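Take a look at this single chain, the form predicted alone, given in structure tokens.
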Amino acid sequence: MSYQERRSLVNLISTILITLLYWSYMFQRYPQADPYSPEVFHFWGSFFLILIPVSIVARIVIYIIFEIVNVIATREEEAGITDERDKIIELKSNRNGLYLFMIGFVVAMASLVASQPPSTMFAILIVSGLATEVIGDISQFIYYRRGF
């Protein structure tokens, strides 16, 4: 397995774990109020604003650990050079994920049109954001595996 394949698998697993652990932690704090109350909107605003730095810090720590374990296990370091193939694979995997996010965004807005509470819209946005990263990482793994 190449370095890029291992990196995309680590990114996939860390994305899922970080999001699910954070989601389970935050939903214990979900306010038991009217779905249109300011407390619910405050919850969702803080949910997203806290998720961003938590995710960034957790990923930095995970990537540092991955690099250390990878160097110890394989005795090879990451190639600092990226070629056109790597850039094309990254662009195509980003494209795949962003298509999914666009669909998720439209579904989230459609939930408001269908008179669903705003919490439904926010939950759809979180799920589509997670799916975006998962599909991007899976696409990247498959493209590297195929030798594309």
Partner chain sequence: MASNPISNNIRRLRFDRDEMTQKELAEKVGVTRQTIVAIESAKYSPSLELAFRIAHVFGVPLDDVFTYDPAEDTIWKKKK
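Positions refer to the first chain, counted from 1. Small disclaimer: the values here were computed from a predicted structure and weren't measured.
Keep in mind the form predicted together with the partner chain is missing from the figure; the text below concerns it.
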Consider residue 85 of the chain shown here, and say whether it contacts the partner chain in the model of the complex, taking contact as heavy atoms within 4.5 Å.
-> yes
With heavy atoms only and a cut-off of 4.5 Å, decide whether residue 8 touches the partner chain in the model of the complex.
-> no
Examine residue 81 and determine whether its closest non-hydrogen atom to the partner chain in the model of the complex is within 4.5 angstroms.
-> yes
Which single stretch, out of 24-32, 86-94, 110-118, 47-55, brings residue heavy atoms within 4.5 Å of the partner chain in the model of the complex?
-> 86-94
Looking in the model of the complex, the residues of 126-143 with a heavy atom no more than 4.5 Å from the partner chain, listed in order, are none
